[in-house]
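Here we start with a single chain on its own, the form predicted alone, put down as structure tokens.
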């Protein structure tokens, strides 16, 4: 894997929030996981759209978090038709949404690593073009503290020396698919650690060699330090990607041949 280019730009600030309409009253389908936060999160995400728990959405996660700071999650929604949005939801985290991914030209597949602050349901919430939502997930046992402990790089004190280093690699697979993995050196501060303000990658975009959009992603502080994102694209050519963090720094790279 090769170290890729780093770009900088002016400052940009955004505020993380759930989707509008959180106060809108509705009766959601019963939650098979029995989460105490299901109604609350559902009101903010779904509005009046239909919701179902769908086995076609595959969520691959360990049952126990060996490291609550770095917990792997893979979401595969390729069995659903016309997916337009994938949300990774951690019900009981102080920052419940980890990513909000729109696979504009990529496959409806995403893998990343997250922080867990306690035992919680971890879910994939997938919307299709007809507006309906398809949900899957399970409870995960975690010791806690993943969101409220300082990142390793902060403890070591070397985070600024490596901030923005980008690595990417592509693997060509069957059916014309390419698996693309992007990794960024970044502390992904949640703002929940004393004297350390929130500071995280907020946006990630992908484009093919012609400039056509392959995907765009909103990223939040519950994604693990030094975040890694794996996506599937149906192109054998170069793929360029760019991330922007909450301080306005931009990190860009290109991979594939």
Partner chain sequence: MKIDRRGLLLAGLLAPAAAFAEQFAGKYQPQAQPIGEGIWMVRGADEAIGFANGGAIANSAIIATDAGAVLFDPGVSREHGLALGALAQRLTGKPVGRVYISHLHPDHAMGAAAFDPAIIHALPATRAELERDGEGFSDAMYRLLADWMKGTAVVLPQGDLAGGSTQFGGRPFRLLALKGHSGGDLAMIDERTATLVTGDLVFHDRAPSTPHASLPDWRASLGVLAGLPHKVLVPGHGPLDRDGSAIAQTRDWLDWVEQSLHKAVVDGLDMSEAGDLPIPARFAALKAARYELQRSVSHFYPRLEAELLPKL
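Numbering follows the first chain given and starts at 1. Here the structure is a predicted model, which is why all the values come from computation and not from measurement.
Not pictured, yet referred to below: the form predicted in complex with the partner chain.
Proximity of 38, 42 and 195 to the partner chain in the predicted complex is absent: no residue of the three has a non-hydrogen atom within 4.5 angstroms. With the partner left out here, the partner chain still marks one of 105-113, 86-94, 152-160, 128-136 in the predicted complex; by a 4.5 Å heavy atom cut-off that stretch is 105-113. The partner chain is not shown here, but in the predicted complex it comes within 4.5 Å of a heavy atom of residue 254. Although the partner is absent here, residue 60 is a contact residue: one of its heavy atoms lies within 4.5 angstroms of the partner chain in the predicted complex. Interface residue remark: residue 143 is counted as part of the site for the partner chain in the predicted complex, having a heavy atom within 4.5 Å.
Looking at residue 70, you'd find a heavy atom of it within 4.5 angstroms of the partner chain in the predicted complex. Residues 165, 166, 167, 168, 169, 171, 179, 181 are the ones in 148-181 with at least one heavy atom within 4.5 Å of the partner chain in the predicted complex, listed in sequence order.
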